[in-house]
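Only one chain is shown below, in structure tokens, and it's the form predicted alone.
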Amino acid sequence: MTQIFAHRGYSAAFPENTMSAFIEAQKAGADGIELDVQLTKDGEVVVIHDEKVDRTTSGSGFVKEFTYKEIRTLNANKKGGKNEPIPSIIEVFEWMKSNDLICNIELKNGVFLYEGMEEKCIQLIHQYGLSNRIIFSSFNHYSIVHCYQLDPVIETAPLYSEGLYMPWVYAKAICSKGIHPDYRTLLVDEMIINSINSGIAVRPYTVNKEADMKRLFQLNCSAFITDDPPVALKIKKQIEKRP
């Protein structure tokens, strides 16, 4: 049955890419979380989407201009309420020891290349014994090929936002076991069906409309990435109850 991945955690109700968002996604019943990583000035892997901290935190400037100690002083909860620090990937991996969630790590290296980020992530994945629970994705497909070369066990999946002809063929060409397309590129059901029949998992982003969720459940899509896992769970249960 189709898995539900929480986009930047349960980001519809909690500050994105924070431990609260991840913990609440698990409580809601998500099968996995999706998060974004970048490097600080002193080379720590931190969880944040934008290259700049301005939109999601109390600070301003580029992630790569902050040391880890400095970036931890920022509040990633701009809506008010309790202070939410930007997590390190180590903090996420420590928490993952207490559950069985899958973690989709998006490598945010399309603007800044962050030399050595893939190696740092893979070293920590090995340290925490999480190789079978991680999926690397990125719009930088050179980066995920590099991940595969470093460790062929850890799954990779290219992210893309434009229509791609026979994406299952492309995925196999770069040794990926999945594809993470923008949902809007999946215009015909055959795109999903042919990929899955070819052994390539399909996990579109960001699926928030109930009608779109229903379509993906009915097609038995591998997974989808959503801001609102409780809504997805509700629809999944409705479909499972049908005779």
Ligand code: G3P
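Computed from a predicted structure; not experimentally measured. For every residue, the number given is its place in the sequence shown, counted from 1.
Absent from the display: the form predicted in complex with SN-glycerol-3-phosphate. The rest refers to it.
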property	result
Contact segment among 106-114, 75-83, 144-152, 93-101, judged by heavy atoms lying within 4.5 Å of SN-glycerol-3-phosphate in the model of the complex	106-114
Listed residue (Leu130, Ile122, Leu164, Leu159) with a non-hydrogen atom within 4.5 angstroms of SN-glycerol-3-phosphate in the model of the complex	Leu159
Selected contact from Asp36, Glu51, Asp31, Asp212, since only one has a non-hydrogen atom within 4.5 angstroms of SN-glycerol-3-phosphate in the model of the complex	Asp36
Heavy atom of Tyr205 within 4.5 Å of SN-glycerol-3-phosphate in the model of the complex	yes
Heavy atom of Tyr170 within 4.5 Å of SN-glycerol-3-phosphate in the model of the complex	no
Ala223, heavy atom within 4.5 angstroms of SN-glycerol-3-phosphate in the model of the complex	no
Contact set, 1-23 vs SN-glycerol-3-phosphate in the model of the complex - heavy atom within 4.5 angstroms	His7, Arg8
